[in-house]
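Listed next as structure tokens is one chain, alone, in the form predicted alone.
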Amino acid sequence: MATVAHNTVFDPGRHFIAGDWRAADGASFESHNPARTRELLGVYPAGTSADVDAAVAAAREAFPNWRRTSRVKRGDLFDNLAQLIKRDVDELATVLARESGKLLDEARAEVIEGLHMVQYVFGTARQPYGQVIASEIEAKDLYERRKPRGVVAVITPWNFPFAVPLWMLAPSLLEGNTTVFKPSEETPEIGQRLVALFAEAGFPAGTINLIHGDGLGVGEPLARHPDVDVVAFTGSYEVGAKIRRWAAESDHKTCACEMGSKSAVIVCEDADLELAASAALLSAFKTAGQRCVSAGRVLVHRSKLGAFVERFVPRAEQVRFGDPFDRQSFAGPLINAAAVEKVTAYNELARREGAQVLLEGKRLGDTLADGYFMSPCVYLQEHRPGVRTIREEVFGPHLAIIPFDNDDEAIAIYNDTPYGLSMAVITEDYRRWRLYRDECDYGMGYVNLPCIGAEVHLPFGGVKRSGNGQPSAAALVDAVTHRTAFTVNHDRTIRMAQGMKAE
């Protein structure tokens, strides 16, 4: 029988619609601790399409007044929110670590990342949101302005359940949109706490609404809703591809989708191997490989392969996957039993595909009730057509080391996946990293660093199956606004551009 954690605050959970907390009318779901799976953290309402309708209607009703509110005043509310997050950093980090399985240190860093997004948005509130452009007609003034699109649906994953929602909610709200937020059903408490902070900060009723539930009951009705103008989504390619189709079928809906990766660290022939081994370890196994930017591949120049393996494998073997609140842990558990099954299947597939296994990835603990922990799987694999494990996203501690003979081959290997999210190159040659910068398919690139470590004032997104050209974080402003041209004539006659006659 599951036991309820003594420090659960929201029990049961609530939706938040039009400024009111609403209990479940019908079905509910449980949230469990992935590090101690018998521990019940809370019970949350399983939203329905009727709940989605109510939340979208509340957002639509709030939109006109919110859009007309001074942008500076909207920004001031984000200053309120920033102070509240600062007040609650440690408590929020504890909730996040317990619910997602992240290390407490990582959870705290994520809360700070969310705070940075709020601070960034507050800072931009008094910045220009358009420009004045010269006309070829002296008596005309030309303006370009950004205007909010309307109602933004924000659908976010469990692995960054505080920062990623703020990447989407904060720019959307600052620009005058209203929002409906669906957090992952794996991490409902931190999502609910975030919305509670928005309410405490003074955001008007209807500007932010919260619906708990799964993809079928809430996610799909929300993404397809005719009164939703933008869908901001982070998750799998399969779901993101559906959202893109639904948006394309609409006469007004757009979307910003970030959808996974097969990211890589590239270790060149002139690389500092100590730095390379550290960068690869962090890239592959932080958060147990469950970041969208986690490295599923390390490409190593063949001349350095042996020396790199000698440094890397013992380090990977020593990392500890343990309780998120244990200071000795390097990473925590996988998120659920399905993740354990998926990673185990890919570990077995690597062997069938002819990999030379260097570290045998396996489940840790006697039963899944002990937590969803797995040790890292590391293997050597030559690049060749048809090898699935070096092309498909695994989302766990599963790493292929792939040798290459020259830079052109490394670029070809790196690009030989359906994804293009994050890439790191380890080299001492500025000409070499420039080549990789220009020739690789990615949204975020790093030199002599891990391929993880985004900062909020940069765009976050990718190409191919990793994104649809609408990055998140600071760049989301382009997805949640549309640019308008506005022309004013100051003469008493009409003169047309391009020399067209007006008589």
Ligand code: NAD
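Numbers follow the displayed sequence, beginning with 1. Here the structure is a predicted model, which means the values were calculated and not measured.
This next part talks about the form predicted in complex with the named molecule, which is not shown.
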Please determine whether Ser100 contacts the named molecule in the predicted complex, using a 4.5 Å cut-off between heavy atoms. no
4.5 Å heavy atom contact, Gly215 to the named molecule in the predicted complex: yes
Arg320: touches the named molecule in the predicted complex, heavy atom cutoff 4.5 angstroms: no
Heavy atom of Gly361 within 4.5 Å of the named molecule in the predicted complex: no
Which residue, Ser283, Thr178, Ser422, Ser184, is the contact with the named molecule in the predicted complex, using a 4.5 Å heavy atom cutoff? Ser184
Which one, Pro403, Gly206, Pro157, Gly150, lies within 4.5 Å of the named molecule in the predicted complex by heavy atoms? Pro157
From the candidate stretches 104-112, 260-268, 123-131, 351-359, select the single one in contact with the named molecule in the predicted complex, where contact means a heavy atom within 4.5 Å. 260-268
Scan 384-420 and write down, in order along the chain, each residue with a heavy atom lying within 4.5 Å of the named molecule in the predicted complex. Glu393, Phe395
